[in-house]
Ligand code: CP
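Here we start with a single chain on its own, the form predicted alone, put down as structure tokens.
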Amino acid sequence: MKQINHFLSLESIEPQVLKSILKNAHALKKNKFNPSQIFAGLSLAMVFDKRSTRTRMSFETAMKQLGGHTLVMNMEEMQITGAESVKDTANVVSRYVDAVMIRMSDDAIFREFASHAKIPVINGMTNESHPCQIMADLMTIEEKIGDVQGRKIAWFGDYNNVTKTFEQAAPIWEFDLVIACPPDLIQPARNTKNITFTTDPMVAAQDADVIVTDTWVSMGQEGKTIDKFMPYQVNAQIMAAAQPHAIFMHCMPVHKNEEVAQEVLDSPACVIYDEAENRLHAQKAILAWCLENAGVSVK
């Protein structure tokens, strides 16, 4: 039996495979107005327990542009966290579709589902990881400033699932990741050759090639105080400390004048819409790799 190509996290996939997927993402974007129908006859189930704009639209459009079909369900419509076991749900879903993308909070249940599935499972986001987003981010960096190897990427604000996935990416693509966050979120045990933490936002920003942040209050964290994050707002002073060619990235949705100042969003350095578009193309390439056993290939 062939190995199932699950896309669960960056660290679960061989580096050369990830880099090949990214190369295919660039190729698929070049053909976005004349897409090959490589997913013809194939179906993708998409399961959500959180509302979504970019994940829903990018995966659905990716599948349909390349000739495939989609089925969308939320957790209330499924038995994945209901009366049926996760194992039974995974086995049943495996009989109906060719792959499944899940966006859910509980990373443990997501991984349990994947362990029983007989079809590829894609991580659309959990509380611990957001690999599709980072693939799109890396694609955007390559488009805007070239090879990411040896670059300095500076992260500001919360320590969340996106930060953790950038940590996974740093040694694979050999870039330096500096994480600027409040003292209580510092993770000294995670300092490595490629990853360092600091409480000083200007240290992180100095000579950075990429400035990145994310919302301080994610879905399900409503009521969370943001006062301690204010020193880590990305503003003109932060951007001025970075390289002249530095770009600003944010996976969205943006809370203007909280994690990022309006002046940065209005500047030429802001590439958040290119980044959002690249979710579509990166996910086409991820789907193509996941569906290799169904005969899919990117030529």
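Just so we're clear, the structure is a prediction, and the values are computed from it rather than from any experiment. Note that residue numbering begins at 1 and tracks the sequence as displayed.
The discussion below concerns the form predicted in complex with the named molecule, not included here.
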{"query": "4.5 angstroms heavy atom contact with the named molecule in the predicted complex for His281", "finding": "no"}
{"query": "Heavy atom of Thr53 within 4.5 Å of the named molecule in the predicted complex", "finding": "yes"}
{"query": "Non-hydrogen atom contact Gln133 with the named molecule in the predicted complex at 4.5 angstroms", "finding": "yes"}
{"query": "In the predicted complex, Ala27 touching the named molecule (heavy atom, 4.5 Å)", "finding": "no"}
{"query": "Answer option from Leu42, Cys251, Ala45, Val271, heavy atom within 4.5 Å of the named molecule in the predicted complex", "finding": "Cys251"}
{"query": "Segment assignment from 260 to 268, 54 to 62, 232 to 240, 28 to 36: heavy atom within 4.5 Å of the named molecule in the predicted complex", "finding": "54 to 62"}
